[in-house]
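Read the single chain below, which is given as structure tokens and is the form predicted alone.
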Amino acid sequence: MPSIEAINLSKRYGSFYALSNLSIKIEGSKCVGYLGPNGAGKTTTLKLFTDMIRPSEGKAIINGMSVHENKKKALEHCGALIESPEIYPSFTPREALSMVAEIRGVPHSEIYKRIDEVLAEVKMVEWADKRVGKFSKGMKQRINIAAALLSEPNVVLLDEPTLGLDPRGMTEVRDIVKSLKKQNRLILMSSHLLNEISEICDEVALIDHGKLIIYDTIENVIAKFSGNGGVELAEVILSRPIDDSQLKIVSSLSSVVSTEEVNSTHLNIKFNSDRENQERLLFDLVSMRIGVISFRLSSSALEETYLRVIKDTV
């Protein structure tokens, strides 16, 4: 089972703590959003886990091995993308990935096979032999993610992977991160974008001023801090207009608190917040055959929680 753990992990610059006594253990195949405002300590944490910087105190552990005591073993099955490195514009993806594979110690006999596999994962096969200098920023980021996957990691650390991308590039990268969750990988993804965390992640660790505030499932964090009584909002898009009788049935479904008709094909449904209720609600809506084409949790509840928690720590 993939795992990462921080034990009293701190990074101090003079009297300033960029990270202060972080203790957290994350296990299993899932995506955890590492959330906090700029300067909260997110990138510092990821750099400590990859031995890019050394801790002032404490330990960073990956798959049971201390990064700073046994770096090679700890990082053997870890892939990371931190601060989006630039790729030489005259290189092709295949050439750039070959260089990274050599550095990472991928066996020479497996390099070309692994390159083909990771390019397929990030949907860049048709661009494998084109010059990177002509790529969009989103395409370059997909190649950076491919580089992080070359060593077949079961732990993946991503530092704001959609930063600076246009909407299309952001969507492409988010879809890739979602696909990584299906392959027995533990992903820790830093971000300050609440809608991104809501869309991709299973759990959230909230950090501010270098200190961990809370780590839990998104539902539990919202229920604990939002002050909304454990109610969550789902945005539902339909392929065709809903009539009044169908709307009444939706409103009477188990766990539904209220239903708002934004327009005839867009509903906002408040329901009692937990995964079991969410699963049941989606099943019931699909069973009604009313043309559900999109069901997603609104980021507003997490946003309310985030603002409340950050304000309390200022």
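Keep in mind the model is a prediction, meaning the values are calculated, not measured. The first residue of the sequence shown is number 1, and the count goes up from there.
Unshown form predicted in complex with a small molecule; subsequent notes refer to it.
- Considering the small molecule in the model of the complex, the lone stretch of 65-73, 30-38, 274-282, 253-261 in range is 30-38 [heavy atom distance within 4.5 Å].
- None of the heavy atoms of Val292 is located within 4.5 Å of the small molecule in the model of the complex.
- Not displayed here, the small molecule is kept clear of Thr50 by more than 4.5 Å at the level of heavy atoms in the model of the complex.
- For Thr43, a non-hydrogen atom is located within 4.5 Å of the small molecule in the model of the complex, even though that partner is not displayed.
- In the model of the complex, at least one heavy atom of Ala18 sits within 4.5 Å of a heavy atom of the small molecule.
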